[in-house]
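The chain below stands alone, shown as structure tokens; this is the form predicted on its own.
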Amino acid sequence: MHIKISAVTFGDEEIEEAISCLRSAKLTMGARCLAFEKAFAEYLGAGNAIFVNSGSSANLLSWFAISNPMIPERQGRRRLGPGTEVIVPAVSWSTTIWPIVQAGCVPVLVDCDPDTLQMNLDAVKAAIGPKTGAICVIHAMGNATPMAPVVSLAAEHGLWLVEDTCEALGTRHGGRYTGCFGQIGTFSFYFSHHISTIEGGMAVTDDDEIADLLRSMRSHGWSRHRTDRDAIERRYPEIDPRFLFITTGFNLRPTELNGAFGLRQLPKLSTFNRRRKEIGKAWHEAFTVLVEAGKLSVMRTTEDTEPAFFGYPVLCRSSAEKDKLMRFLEEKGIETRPIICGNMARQPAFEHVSHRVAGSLAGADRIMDTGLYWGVHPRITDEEVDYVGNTVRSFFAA
């Protein structure tokens, strides 16, 4: 068998919608993208959704918005300036952290819990200092970071809270969807993620002013897609409203093809995630004996969380054993990956990135050195689920 890390989840509906889009000759961001934004916001129960061309772009847009002179102050939160520190888990993705650096801020890396793979809340609390301006949560591998204490800490210290939810679309925590606890939540619709728009991402926020700023910055800094466009244009009657720029910005717009895919994929998300949960549960049960014997660790779901598995992560007893298991699985046709980027503080790029490490990163090191994951996607069959379970058990029985 060949168990891929991910598989195509689109079919004739998405292809026909894309062909219809091509035939209409309306390809740049338009009605389909706006409809997808509306549907996505309604799905999450969020006030606003801003569609962009990737999850990485959603992160970029979010951090530059919080650093923008036009960002509204909220409950003591001030815009981030050069040198402002942002607390972020060490086990993370590169383009979660690079936008923080590119916006002039300093990432402060904190440890992660090897049991849940989420950021360590005691480490977050200890890392807060006079330069701290924000906390960046990552809901890793479809699990959820316990949000009540993070929300409380952010409010107590007047910090922005951004949730990178690119690996946890559809995960519920405390009765709410992840990505909806902070001021901004980001999502990815890359090929291998919970739904796909080929490439694509989304930033969501309940703050209408922040949403309008995100819309401006997504498209060059102009006023064109803002809800207060008319009022702005009346203030500058001498400037052609089609090219009226009120802030700095990028070009991070999606295409109508991306919107077309999203409109067809989103209604399938609950079904996709239900299957992911079934597969994860089956493997949990298959590995119970290994876990009880201390031969393997599986990701523990955080309290009051309904996960939407991104992959199936495990930790071995040692780095050498992890390497052997990885080779064994690959030889048996089961694709594997490291758990995100591992401990980002150990990546060579950080040799020339201004950052701070807050406390020990022993948990992040353990995740990096002993962890791997394989695919949990809705196209995996029951036969393949059994094959993976039997293959892993056979490795530890040898």
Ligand SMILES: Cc1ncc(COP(=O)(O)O)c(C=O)c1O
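A residue's number is simply how far along the shown sequence it sits, counting from 1. Here the structure is a predicted model, which is why all the values come from computation and not from measurement.
As for the form predicted together with the named molecule, it is not shown, yet the points below apply to it.
For the candidate spot formed by 62, 216 and 220, no residue has a non-hydrogen atom within 4.5 angstroms of the named molecule in the predicted complex. Between the options 272, 283, 328, 93, the residue in contact with the named molecule in the predicted complex by a heavy atom within 4.5 angstroms is 93.
Shown without its partner, this chain lists 225, 264, 193, 77 as candidates; in the predicted complex, only 193 has a non-hydrogen atom within 4.5 angstroms of the named molecule. Here the chain stands by itself, but in the predicted complex one stretch of 161-169, 68-76, 240-248, 102-110, 161-169, has heavy atoms within 4.5 Å of the named molecule. Though the partner is left out of this view, residue 145 does not reach within 4.5 Å of the named molecule in the predicted complex, counting heavy atoms only. Within 4.5 Å of any heavy atom of the named molecule in the predicted complex lies no heavy atom of residue 254. For residue 200, a non-hydrogen atom is located within 4.5 Å of the named molecule in the predicted complex, even though that partner is not displayed.
Put simply, residue 188 is close to the named molecule in the predicted complex: some heavy atom of it is within 4.5 Å. For the stretch 35-61, the set of residues having any non-hydrogen atom within 4.5 angstroms of the named molecule in the predicted complex comprises 54, 55, 56, 59, in sequence order.
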